[in-house]
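One chain comes next, on its own, written as structure tokens: the form predicted alone.
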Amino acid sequence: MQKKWLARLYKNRQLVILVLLCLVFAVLLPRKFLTIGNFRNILYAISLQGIMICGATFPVLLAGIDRTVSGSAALAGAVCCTTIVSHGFSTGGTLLGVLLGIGVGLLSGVFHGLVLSRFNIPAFLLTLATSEILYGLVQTVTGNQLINVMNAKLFNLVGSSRILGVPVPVYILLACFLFTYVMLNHTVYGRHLYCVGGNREAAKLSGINVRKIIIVAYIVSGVMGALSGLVLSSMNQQASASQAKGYENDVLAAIVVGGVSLRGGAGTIQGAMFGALLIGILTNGLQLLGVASVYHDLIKGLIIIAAVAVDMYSSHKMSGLKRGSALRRMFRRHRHESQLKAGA
């Protein structure tokens, strides 16, 4: 009976952790934390990273990574805002700017997908280099100046409007989550994605078009990154050369904390969203407690280390290997060999 109870707790560990964290902050901040307005603020705060997570989860499930989500966001916002300004804040200019911004993410995804599916280059190194290139392009597009779009009323509605009291970016996050959930759980592509992430060679032998799977994964990641950049520019009513910088770390942290394995083939978008919520609630609680922001990154770093350690331990347990047994077998073999040599 006790084992079944513990098994259920482990199975629902993400929900248990969220509830416990909320209870801690509810006790410490009884009048500030447990309010509808505060939870609305948490959802609003994680909406940008959440949109990025919906896309960046695809490469991670392939045992890859996309560190250009923030660069795609920054360049998409810069291209969109400069287009809007150059067309006199017109409706046509706004729509063209949004399309060009999405196009930035699309091109970024196609490039990464083609290169990674063709050449044996580590995704981390490629996307890290591309991220620097994208931010260099952002500086070129903006001229290292703020691009103000306060007069673009249609564009700014996305970041400032509310529907039934809920900010529009939260609805965009919900739409991205539903799209990703359906893609991963109810399509042939989703099943093939998990197969390729779990064992690429076996997927090839079974007839799966591995190259297509990789290209589509990075396209989704690039487009979602660009979409988050457009939402961020609408929120701020401007674009800048350093926009969204550092967001990729929060995205990766949420994905790993949410149980998506860095070795690919395991994890869910629900888990990744749990990671985003956990970090969002933690950051919100620390801010309400008056903890200096310099300590937030330290705590996030510790959470990532703990999550990776749990991932490694869980994978080791699932493999059926027991470290202690392996060590005992090694010592027994060594002792047996020593006895044979002594007998000879």
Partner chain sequence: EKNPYTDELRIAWIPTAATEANCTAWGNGIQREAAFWADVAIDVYDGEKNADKQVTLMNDCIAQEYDGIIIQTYNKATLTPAIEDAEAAGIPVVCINMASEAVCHGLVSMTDYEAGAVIANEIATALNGEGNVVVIQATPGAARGINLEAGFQDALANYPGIVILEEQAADWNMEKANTTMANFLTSYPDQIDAVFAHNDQMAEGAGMACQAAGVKDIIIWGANGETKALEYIEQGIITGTVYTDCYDQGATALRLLMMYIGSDIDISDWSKTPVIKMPPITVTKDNVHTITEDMRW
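Being a predicted model, the structure only gives us computed values, none of them experimental. Residue numbers count along the first chain shown, from 1.
Keep in mind that the form predicted together with the partner chain is missing from the display, and what follows is about it.
- The stretch among 99-107, 146-154, 211-219, 78-86 whose residues place heavy atoms within 4.5 Å of the partner chain in the model of the complex is 146-154.
- Only one of Met273, Val168, Ala241, Val223 lies close to the partner chain in the model of the complex, with a heavy atom inside 4.5 Å, and it is Ala241.
- Heavy atoms of Leu62 never reach within 4.5 Å of the partner chain in the model of the complex, leaving it off the interface.
- At a distance threshold of 4.5 angstroms between non-hydrogen atoms, Phe177 is out of contact with the partner chain in the model of the complex.
- Although the partner is absent here, Ala45 is a contact residue: one of its heavy atoms lies within 4.5 angstroms of the partner chain in the model of the complex.
- Using a 4.5 Å cutoff between non-hydrogen atoms, Ala26 does not count as a contact of the partner chain in the model of the complex.
- For the stretch 26-45, the set of residues having any non-hydrogen atom within 4.5 angstroms of the partner chain in the model of the complex comprises Lys32, Asn38, Asn41, Tyr44, Ala45, in sequence order.
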